[in-house]
Ligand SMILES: Cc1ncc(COP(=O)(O)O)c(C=O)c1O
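This document opens with one chain alone, in structure tokens, the form predicted alone.
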Amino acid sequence: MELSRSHAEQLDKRDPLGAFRSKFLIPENENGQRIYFLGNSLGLQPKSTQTAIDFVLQQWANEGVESFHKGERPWLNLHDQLVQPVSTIVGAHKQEVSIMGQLTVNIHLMMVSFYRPNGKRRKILMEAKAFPSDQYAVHSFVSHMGLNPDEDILLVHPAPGTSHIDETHLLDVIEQHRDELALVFLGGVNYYSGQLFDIKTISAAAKKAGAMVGWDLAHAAGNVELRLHDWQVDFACWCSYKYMNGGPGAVAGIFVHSNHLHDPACKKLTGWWGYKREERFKMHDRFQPEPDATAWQVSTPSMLLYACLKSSLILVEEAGWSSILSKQYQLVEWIKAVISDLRSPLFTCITPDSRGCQVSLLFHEKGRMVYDRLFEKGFMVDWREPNVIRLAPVPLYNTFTEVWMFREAMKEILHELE
């Protein structure tokens, strides 16, 4: 791969998704557009989002509560319009997906259904450096069940001297504790290191061991190829404000494999929005669930949040999910080459070859100074305490030339600091 600005510009000229950048609002400073590599934290706002929100507000103004049922776009139909593109992104059947709630709340709801401690089979396997909210949720749920988190949560740590988990070791731990595991619950892409787990292989190993398997896909959904149905994943949860550009606090989503949709052993907490749609407003006093994953919905969703997510998903459908994945692969290879070219004693790239958009750089010293210099130069990247810079060029609005410009800026900064 030729490492030059001219090669980056040629890649951009040949990019079939190049026009989609203009459909997003790019943050600016006094020098013009900034370089936004924070899709792993909060995706950019589509230009169409404001119009989508205004439309819902106007419906509310014109029709009030009748907007649920009447008008050009009844609110009751919005969920169905979200499910198809999201099911494509996560590799699921439509009936296995529900767009609902928030990520950590949904994890709690899934724990009710899929954490079933029985005798000595009560352990939950997690990665040691999972996103803190996952750790808080699982710890509190295990405590709520009257069990001991120190004994019943089994943590798999990164390999010595690294920041990522050796998957061979992880599979060995599953086999070693096969008679004790009730649930394997991991992040599809680790938020800190950017490691992409082999979801298919790990899920198969968990199932073979007799455990349920669930995934937090906050950093995977909209980022990497997923085939949740084919991989026999029991459940998954994700947020929509990162790679799906649904906006801050965007409505989240769940996947429940079709194997469980009609299983009486799969208990759930219920609320009226999961009630059979055609009977919901008859206000019966006994719950009758929808026949699909929407049965896990509890409360009335925000139509404003639905509208935000829909405006982004329309762009995903226009671009084509397979085309987005193709450019993602090209961007990953390009940034791998660029990072490899930045030979410096100040940092180590801790993201393994199995990755999505994100790259994590572990600084041995002067990391915060590098971050501040990048910010001054117009680069929006992420600082994670105590010493990691994360960046994630994404297919819909980042360019190959921006990655090259990052390389040039880093070369200059590192030369100054070394």
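Residue numbers run from 1 along the displayed sequence. Here the structure is a predicted model, which means the values were calculated and not measured.
Just so you know, the form predicted together with the ligand exists too; it's not on screen, but the next bit is about it.
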Tell me the stretch among 97-105, 113-121, 278-286, 300-308 that has any heavy atom within 4.5 angstroms of the ligand in the predicted bound form. 97-105
Can you tell me if residue 272 lies within 4.5 angstroms of the ligand in the predicted bound form, counting non-hydrogen atoms only? no
Going by a heavy atom distance of 4.5 Å, is residue 131 a contact of the ligand in the predicted bound form? yes
Answer for residue 221 alone: is it within 4.5 Å of the ligand in the predicted bound form, judged on heavy atom distances? no
Taking the ligand as it sits in the predicted bound form, is residue 334 near enough to touch it, meaning that at least one heavy atom pair lies within 4.5 angstroms? no
In the predicted bound form, the one of 197, 347, 75, 241 near the ligand [non-hydrogen atom within 4.5 angstroms]: 241
